[in-house]
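Consider the single chain below, provided in structure tokens and representing the form predicted on its own.
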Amino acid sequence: MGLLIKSKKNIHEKVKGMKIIVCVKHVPDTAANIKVVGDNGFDESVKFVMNPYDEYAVEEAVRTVQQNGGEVVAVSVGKQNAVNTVRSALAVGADRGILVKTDAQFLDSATTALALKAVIEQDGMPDLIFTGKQSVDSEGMQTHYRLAAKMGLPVATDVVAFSMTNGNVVVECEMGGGDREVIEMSRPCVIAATKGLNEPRYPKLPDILKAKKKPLVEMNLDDLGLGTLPESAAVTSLTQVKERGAATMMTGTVKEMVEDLVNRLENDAKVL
């Protein structure tokens, strides 16, 4: 799927007329107070935003097209209000958008990947596909892998550096512990972005107004002709996370504080 190389040059090769797909997801704001409704739903009146990791994907896609020419197409699968996230991508530089509508509150990664594959192939194969490394709501971290597998494309995740050379894509991926892996891939390929790849821009008012006039196609999931969808995962229940207690400062000698800590862990937290 990829070739480990030693080069870390950040040289962009000029490629005329590139087409880049960037996949974006409409998610609850991480600062929102999520309230569970029923067994497996939540109050959707909270503020929704573009998935934060997708912001890095959009920014890199826009920068690449600005340097090489071509177009950026923002694609999302979600409820009708996901059109706001597609518009957000258009406001920061994407040229047109596609929204695949579904009434499902949760859509698993297998179905999402099938829908993305279908709409991408209908629109015409791109040179590159950018995504975020994960979504902050379900955090499955599987969609970009499944999409690449279904389309037979190489994929790299946790990407913090991107360049093109000799007609190929070169990326640096975070491996943990400060290590990075350098991978060279042929195009087209799937690139899952993470924090550190770039600094996403904020749209200005004129850009927001222009985004409302950019082309945006809406279609239903059923229109893609996917047939019987796989039922690989489903949300059976949601549980409200308990608020953490306030921090307690211990005083006294080291011996007294240790005894106090052991007592709290044994009698209050009951973990000993």
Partner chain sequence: MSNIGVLIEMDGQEIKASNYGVLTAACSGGNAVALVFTENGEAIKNDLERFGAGKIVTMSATNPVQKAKLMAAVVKEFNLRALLGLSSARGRDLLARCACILDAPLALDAIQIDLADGMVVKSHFSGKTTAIIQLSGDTLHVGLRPNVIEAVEKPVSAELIPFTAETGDSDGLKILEVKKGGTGTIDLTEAEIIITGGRPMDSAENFKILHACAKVLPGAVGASRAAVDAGFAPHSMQVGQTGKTVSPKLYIGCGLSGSVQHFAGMKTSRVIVGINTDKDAPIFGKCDYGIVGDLFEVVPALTEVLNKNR
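Positions refer to the first chain, counted from 1. Note that the coordinates shown come from a computational prediction; the quantities given were computed from them, not determined experimentally.
This protein has a second form, the form predicted together with its partner chain, left out of what is shown; the following refers to that one.
Shown alone here, A32 lies within 4.5 Å of its partner chain in the predicted complex, counting heavy atoms only. By the criterion of a heavy atom within 4.5 Å, Q142 is counted among the residues contacting its partner chain in the predicted complex.
Residue contact check for G70: none of its heavy atoms lie within 4.5 Å of its partner chain in the predicted complex. Using a 4.5 angstroms threshold between heavy atoms, A247 counts as touching its partner chain in the predicted complex. For its partner chain in the predicted complex, the listed stretch (173 to 181, 118 to 126, 90 to 98, 70 to 78) containing residues with heavy atoms inside 4.5 Å is 173 to 181. Only one of M219, L209, V235, L226 comes within 4.5 Å of its partner chain in the predicted complex through a heavy atom, and that residue is V235. Taking its partner chain as it sits in the predicted complex, the stretch 138 to 158 comes within 4.5 angstroms of it through a non-hydrogen atom at S138, E139, G140, M141, Q142, Y145, R146, A149, K150, P154, V155, A156, T157, D158.
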